[in-house]
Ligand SMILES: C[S@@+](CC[C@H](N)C(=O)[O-])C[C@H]1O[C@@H](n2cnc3c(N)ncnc32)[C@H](O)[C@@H]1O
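There is one chain below, alone, in structure tokens, taken in the form predicted alone.
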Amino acid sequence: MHPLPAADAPAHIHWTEDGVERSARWRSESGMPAPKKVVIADDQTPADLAYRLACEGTALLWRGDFQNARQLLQALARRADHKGGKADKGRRGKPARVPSSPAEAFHLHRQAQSQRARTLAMLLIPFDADYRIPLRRAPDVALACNEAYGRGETPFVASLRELLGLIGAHEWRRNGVPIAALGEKIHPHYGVFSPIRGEYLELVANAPLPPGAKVAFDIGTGTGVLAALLARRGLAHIVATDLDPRALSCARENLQRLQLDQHVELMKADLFPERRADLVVCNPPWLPGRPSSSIEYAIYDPDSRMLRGFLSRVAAHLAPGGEAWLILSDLAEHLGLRPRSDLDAWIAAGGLQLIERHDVRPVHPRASDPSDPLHAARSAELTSLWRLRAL
């Protein structure tokens, strides 16, 4: 859940081709600025040259075979991961910096991931106004683009990496994500975070409800998965809020598919509706930090804004005897990004008292992967459901 930035005038990229100055609209869902320098690349462009140019911030507008562009992107990824290529050999002699703390390890990891993303985003693909790609062996991506961008209006250029993300998101939306706690699938839309961490959903499915609870709020609903779980648990009326129109559209479609929409009222709101509820549930972003793309608003909460806003205001929205359920990982604590004392202080300052805490260990692959740069923190992580009540 996050406020969306105001729309700016469309950016454009400029390049010279066959001696003629050209330009096109630039499109980037991640907010990447339009590359200032663009050159033409095709099937004859060596991967090492492409990698060097991309690292220098020069974008490559592809004019060759589409499938060859995909192969070049894979070659760039291998070089970015230091797995091959002459262009990177000079860098490998430099010893890796050893982080002095978990927080520094986290920031170095994010910095490396950000640099990798910027480099791989330098391979660009042209699109016609109807989302047709004017390249040999290009796939039909009109449906995936319509789901992410809406109706096509003008030709544009975007990164191949973003396009592959659109295609992947389209497949997730089409196939759905199995939710064991529901016994059903949730279909995430492009730009809406997928509920792949099933352990926290089990906590919501199994925690004891407040006695006689009938009305609930789901704050920052996203795909609508928590609202669906609460409806399945017998809550008669749920108000699910979000600021992102994509999230509200996604939640609406999922709830209709599950035939639970008659129990859930969707509302565009910054956190709370102007009412009270027997149960208020919130799964805020778990890490304090600045998002680098729209999808990262589900992961990073700048200055813990949503977490602090929920804890400071939720007591005023609880009916007598009501409970607030906060779903939160302690990964930020193990990474040294936010001490537990801050969370305890915000709970107390919000006039709240802990009733009980339900913990579960994560089961995703990275939690047990020693090669992960954040393995020490991930292996110690707990996800918790904090049951809180007003004092």
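Residue numbers run from 1 along the displayed sequence. Fair warning: this is a prediction, and the values are worked out from it, not measured in the lab.
There is another form of the same protein, the form predicted in complex with the ligand; it is not shown, and what comes next is about it.
The candidate site formed by Gly222, Asp244 and Leu271 is fully in contact with the ligand in the predicted complex, as each residue has a non-hydrogen atom within 4.5 angstroms of it. In summary, the region of this chain contacting the ligand in the predicted complex, judged by heavy atoms within 4.5 Å and restricted to 111 to 119, 128 to 136, 258 to 266, 305 to 313, corresponds to 305 to 313. Out of the listed residues Ala216, Leu226, Leu163, Leu76, Leu226 is the one that sits within 4.5 Å of the ligand in the predicted complex by at least one heavy atom. Ala298 is the sole member of Ala144, Ala298, Ala158, Ala80 with a non-hydrogen atom lying within 4.5 angstroms of the ligand in the predicted complex. Contact check for Asn283: a heavy atom falls within 4.5 Å of the ligand in the predicted complex.
In the predicted complex, the ligand sits within 4.5 Å of a heavy atom of Tyr200. For Phe106, no non-hydrogen atom is located within 4.5 Å of the ligand in the predicted complex, even though that partner is not displayed. For the chain shown alone, Phe193 is a contact residue for the ligand in the predicted complex, at least one non-hydrogen atom being within 4.5 angstroms.
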